[in-house]
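Given next, in structure tokens, is a single chain: the form predicted alone.
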């Protein structure tokens, strides 16, 4: 089977194994097939030697969280993210991964009214305890969502799909922080309802490209920066140039910034205030740390507003959320999360800061108190004195 993988990218892996400690699925299973090195070996066997794509082979590819923690650890610079995305896209085309039911859920992401209706029904079901706990759906999903407002045209604030439906309060906090720095903000809202990150993660290449093209078209009337407060969305949008392979897409990606990344260069514009009396552990979302590699900016922006930032000792190991991974592989995701929870408990913070909706929801389902860094900063800026 042709996995449509570039031979040079595939052959860059020398099977050294330095990726193994950074792979969450290998860490919890000890199974070589569930490691980057093992998966790349299987890719070679399938693409170069026409090895059969058995259930075990599909499972090895399907259980990758796609955290990409292996990439910074790789001395050969293997672009593992591209390898697994291409592999999963081919498998999805054959029906081996991403079922019809799952594709229906992804279809709804780019249809805001359908998504909001579905989210409201899910909120009702969650409150009635009709949703299995293993899915990690919070019982306090919002019925009503605050109204978006535009305060200026300095920047776009990308609001996306699930995060806008479930965590609009995070967008509101981010907007208030930006406005406190004197920045006029235009939330993208239904203008660009979905970036395609979850589609890419699921191997749905054509829908992902459609979402990317629609987002670019919607936000290309001017060249203002596009700020993103969801690490997964930001990583996907920064890789539009690779996804679409056009100069226009690359130019668009150059306008995309993680909100912390952008604010870190403008700290002098933010007001000073009394710090929150909190010791905060920062949980780095994988797509902020390993893909965008801007996780230091979160600390730079957060530090002036909290008493102390505490570092975890697990070197940024994945929490197990992984887009829809925690829903599709709940037991494996829980095993991975348990390691993260142990790391958090070792440092005993007052609260955990995480800049990705999937991570925060997954950790909260494991009993961790989590807030987005923008929520903490907004709280500090608007606390009563």
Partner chain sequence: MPLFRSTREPIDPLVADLTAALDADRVRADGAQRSLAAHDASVFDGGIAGPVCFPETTEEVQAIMRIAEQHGSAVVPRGAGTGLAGGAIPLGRPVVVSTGRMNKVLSVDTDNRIAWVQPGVINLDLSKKLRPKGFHFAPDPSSQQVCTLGGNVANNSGGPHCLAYGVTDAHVVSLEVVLPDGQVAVLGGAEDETPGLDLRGAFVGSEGTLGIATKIGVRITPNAPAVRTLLLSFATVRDAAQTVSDIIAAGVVPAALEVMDQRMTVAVENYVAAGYPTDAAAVLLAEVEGLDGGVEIDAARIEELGRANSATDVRLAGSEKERAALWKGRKTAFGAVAQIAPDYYLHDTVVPRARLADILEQIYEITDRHEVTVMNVFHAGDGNLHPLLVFDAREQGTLERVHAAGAEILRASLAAGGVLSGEHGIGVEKQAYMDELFSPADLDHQNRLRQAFDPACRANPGKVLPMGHSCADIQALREMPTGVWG
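Numbering follows the first chain given and starts at 1. Note that the structure is predicted; figures quoted are calculated from it, not measured.
What comes next is about the form predicted in complex with the partner chain, which does not appear here.
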So if I measure heavy atom distances to the partner chain in the predicted bound form, which of the stretches 164-172, 257-265, 73-81, 301-309 falls within 4.5 Å? 73-81
Given that the partner chain is left out here, which of 96, 278, 181, 251 has a heavy atom within 4.5 Å of it in the predicted bound form? 96
Sole residue of 327, 351, 343, 53 within 4.5 Å of the partner chain in the predicted bound form, by heavy atom: 53
Is residue 323 close enough to the partner chain in the predicted bound form to count, meaning some heavy atom within 4.5 Å? no
Using a 4.5 angstroms cut-off on non-hydrogen atoms, would residue 68 count as touching the partner chain in the predicted bound form? no
Evaluate residue 17 for contact with the partner chain in the predicted bound form, applying a 4.5 angstroms cut-off between non-hydrogen atoms, and reply yes or no. yes
Residue 12 near the partner chain in the predicted bound form, any heavy atom under 4.5 Å? yes
Candidate site 223, 241 and 243: all three near the partner chain in the predicted bound form by heavy atom within 4.5 Å: no
In the predicted bound form, residues of 19-41 near the partner chain [heavy atom within 4.5 Å]: 20, 21, 22, 26, 27, 29, 30, 31, 32, 33, 37, 38, 41
